[in-house]
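One chain comes next, on its own, written as structure tokens: the form predicted alone.
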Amino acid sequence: MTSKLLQDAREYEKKGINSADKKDRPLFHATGAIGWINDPNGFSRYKDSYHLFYQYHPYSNHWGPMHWGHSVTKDFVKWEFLPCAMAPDEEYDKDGCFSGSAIELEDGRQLLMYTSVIRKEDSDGEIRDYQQQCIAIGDGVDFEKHQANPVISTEMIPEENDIHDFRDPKIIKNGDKYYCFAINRHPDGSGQILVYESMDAVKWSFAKVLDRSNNQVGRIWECPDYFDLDGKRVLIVSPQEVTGDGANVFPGFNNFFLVGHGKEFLDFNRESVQPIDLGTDFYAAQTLQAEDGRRIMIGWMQNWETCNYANDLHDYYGMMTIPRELKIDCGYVLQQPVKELENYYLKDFSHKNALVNKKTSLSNINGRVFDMTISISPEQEKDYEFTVALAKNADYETRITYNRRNNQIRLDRTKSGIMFSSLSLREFYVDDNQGEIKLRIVMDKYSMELFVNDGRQAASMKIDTPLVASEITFSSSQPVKMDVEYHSFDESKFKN
């Protein structure tokens, strides 16, 4: 039975969809129907479609009592809104339905697993969140919360561990068992992943601690995911309170691939820690396995440090990244936009061996919605600094600069409409390829995603400037040769 809270949310978002300015929406990035979204939830395959749920507050463009929004796609590119899936309408989740995951059950129903939140006064008089794991089961549109909720309660947290930070369950089936991976805080204050197991996804028992931060990979971890990839085992975590390393790990909120190996499903022997996205706007990544076996990842294209800036510029707030294909190369996780993006190309333009020194424009290379790959090689054995300026006019521009001397890329949005200097610049190191570099840039109106050297590194950044700022220019301090492959998109294919 649909509660009044959920019905009200569905009616409200329906009005928002009908009144939304579709021209103001990104073309192929998932957004909420209306209002605020953050973490992707329940990114999963169900029947013949791929479902994406997300943290959702439909009533404003600011964080509020968490609902679960819902979208669906056949190909990871064209998204369709479905009705709001859950509202905080039970006593045990009255203060929010927080992040979680989804899975298709053997009987054909869809199960959502989420964190229920209730605020209570502790013995010291402080009001704190109590977080427990709950389930709801349905048909892909309507869901009924289970009478056994919470199915994993705070009483099931191992003794001495924190009873407040306990959330973000990732449900996975392996063999004949279901497993739940949830974040928790160790007595030393740092993050850890607790694993629970079940035969029916309703009755759970504690299994083990999968991995811990030990206050070395940030402090509290969020939004875990766990999967096999090309002979390696990968654990995704989103740590907070990270200490930067002065290179490719930045302070604050981060996402990491923890890459390792193991013989049994719950064996995880960590080998490396790899940053997922080096831009200013990426968090809470989730993955699924596509029908053809590919591992596909999506993240929230926002940053908690700037999420209360310019919220009301549009009739929605927040978007997801392009879904990305993951693969392992020599122990390192590579990521590229899903191949289905190519099915929506409209026109292709290329320039071969274009000589760039002073500021240069190229015919047909402009706009705010495109997929462009630039391959650069130096004309001489000299250090050089190459810059591509995007979303440009007399007032605005977003710059991507490669410095050959130190093999560093700098993202610069100081003229991109954001008024936070601390998050206007990002610099990170790339592999030394004797001055050659490949930059794939995907723009979708108000976002830019960069993939360096065939996905060795990625960087996401929001750009909230007027769409009339659409010029693209190239410049270099020393002569370089540049190949450009540029694809525009057929907007008519995105109309329902």
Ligand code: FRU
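Predicted, not measured: the structure shown is a model, and the values here were computed from it. Start at 1 and count along the sequence shown; that's the residue number.
Missing here is the form predicted in complex with this ligand; even so, the following discussion is about that form.
Heavy atoms within 4.5 Å of this ligand in the model of the complex belong, among the stretches 254-262, 339-347, 191-199, 216-224, to residues of 216-224. Taking a 4.5 Å heavy atom cutoff to this ligand in the model of the complex, the contact residue among 282, 370, 98, 178 is 98.
For the options 167, 295, 404, 392, the residue carrying a heavy atom within 4.5 angstroms of this ligand in the model of the complex is 167. When contacts are judged by a 4.5 Å heavy atom cut-off, residue 39 counts as touching this ligand in the model of the complex. In the model of the complex, no heavy atom of residue 457 sits within 4.5 Å of this ligand. This ligand is not drawn, but in the model of the complex it has no heavy atom within 4.5 Å of residue 59. Looking at residue 63, you'd find a heavy atom of it within 4.5 angstroms of this ligand in the model of the complex. Residues 300, 304 are the ones in 297-317 with at least one heavy atom within 4.5 Å of this ligand in the model of the complex, listed in sequence order.
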